[in-house]
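Just the one chain here, laid out as structure tokens, in the form predicted alone.
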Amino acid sequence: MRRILQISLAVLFLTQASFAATTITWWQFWTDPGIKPVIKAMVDEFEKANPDIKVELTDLTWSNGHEKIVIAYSSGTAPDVIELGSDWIAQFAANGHLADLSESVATDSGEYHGWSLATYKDRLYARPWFLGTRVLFANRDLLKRAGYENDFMPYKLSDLKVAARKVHLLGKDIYGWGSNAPEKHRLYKKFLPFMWSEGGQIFSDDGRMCVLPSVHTVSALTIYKELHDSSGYVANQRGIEDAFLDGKVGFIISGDWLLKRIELEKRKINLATALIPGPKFPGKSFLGGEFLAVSESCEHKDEAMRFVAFITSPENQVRFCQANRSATPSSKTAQQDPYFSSTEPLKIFNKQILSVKHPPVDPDWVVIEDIIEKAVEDALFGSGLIAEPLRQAQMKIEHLKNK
């Protein structure tokens, strides 16, 4: 009897051991009460479908998330799966912190947009989750008061300047253009679309030279400053959006989060949206996004990639976007869902995603963006020549890259 009991206990132990779940850790940024339950539900569903895997979820904040990630990688305490903003991927890939996913995603790479944002030295280091761009928002009532027909929207930057000025002249407390004050990680995203639309670049095509102070970039900054000086309501991003929703500003550039605000706050505004204008239509908008990467230190890469594929599946992208009112999933299949054509603004965002550019995938980008923002700030709020801040920025960027 004792022998039988010993065998039974051994079998029970081996059975339990064979079903012990592998634990993977995921750090992510979505803590908003409207979206966090969806994130948690997706994790629960993954665990139910994959009883051999348990996912430990940790929330980050945008205010200090990047710093925490840097510390985690430096101290060897990084998670298995991590959400990264597209601007950060090269930084962590260059330092050897991210697993090379090139072979893992090769079979379905054609089904998603945004791979170039995650490509560093011809290797892929993250999987696109959802993308982000910006479009032109207009107050239709202010345009009517300024004498424009109901279907007018500026398709060229020259038309935008004229229309913004006409709205600005309507009277006290009315402004034509929402112009960003110095605000980290914001100002450059507003200026670069003007630069790209005018044909300007940060680096030469071969990536070896900084070409920021070109005639194209000077032209773009001149136009941007003219809007700022002649009709600008100057505030941080939240401030210009508040003024726009209060009916005080004719035009602003913003992202799909503004659509969410309009819906949740039940704002009554005669809204119009359009693609970013340029010298010719359409102009180029800014492309960024949220990606899921696997740490090189992860001991369970197959399980981690199974989880990443689940979270970024077309079905879960639609689910996330509907909960968060996001307009641009990375999945091409998800983009075909009726939700993304249910309103005119959502249609505009998905048209704009076809005319976008993104900053260089560069491990020094966080520093470079700061240099560019400072140059734009100096041009807007200083009294010197437009080209001088760009020339100074070029020298700083070249010094950085030649270290």
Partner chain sequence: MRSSKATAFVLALPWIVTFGIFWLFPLLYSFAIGFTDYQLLARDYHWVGLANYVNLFSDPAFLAAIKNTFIFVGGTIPFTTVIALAMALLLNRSFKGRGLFRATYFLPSITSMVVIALIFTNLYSRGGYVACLAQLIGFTPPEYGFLYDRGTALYSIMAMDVWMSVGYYMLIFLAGLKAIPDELYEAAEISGAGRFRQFFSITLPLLRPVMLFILVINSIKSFQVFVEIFVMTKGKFDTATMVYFIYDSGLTTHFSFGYASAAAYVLFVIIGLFSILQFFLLRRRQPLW
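Numbering follows the first chain given and starts at 1. Model, not experiment: these values are computed from the prediction.
The discussion below concerns the form predicted together with the partner chain, not included here.
Taking K161, L169 and C321 together, does each of them reach the partner chain in the model of the complex with some heavy atom inside 4.5 Å?
-> Result no, not one residue of the spot touches the partner chain.
Would G96 count as touching the partner chain in the model of the complex under a 4.5 Å heavy atom rule?
-> Contact check for G96: yes, within 4.5 Å of the partner chain in the model of the complex.
Answer yes if any heavy atom of N236 is within 4.5 Å of a heavy atom of the partner chain in the model of the complex; otherwise answer no.
-> Looking in the model of the complex, residue contacts with the partner chain include N236, since a heavy atom lies within 4.5 Å.
Contact flag, K184 vs the partner chain in the model of the complex, heavy atom cut 4.5 Å | Heavy-atom contact with the partner chain at 4.5 Å: present for K184.
Wondering, does E373 line up within 4.5 Å of the partner chain in the model of the complex on heavy atoms?
-> Judged by the heavy-atom cut-off of 4.5 Å, E373 is in contact with the partner chain in the model of the complex.
Using a 4.5 Å cut on heavy atoms, which of L57, V70, M42, L60 is close to the partner chain in the model of the complex?
-> It is V70.
Could you spot which one of H66, K347, K36, K357 gets a heavy atom to within 4.5 Å of the partner chain in the model of the complex?
-> Partner contact (heavy atom, 4.5 Å) among the options: H66.
Would you mind picking out the stretch of 118 to 126, 226 to 234, 152 to 160, 257 to 265 that comes within 4.5 angstroms of the partner chain in the model of the complex, counting non-hydrogen atoms?
-> Only one stretch passes the 4.5 Å heavy-atom test: 226 to 234.
For 122 to 140: residues with a non-hydrogen atom within 4.5 angstroms of the partner chain in the model of the complex?
-> Contacts from 122 to 140: none.
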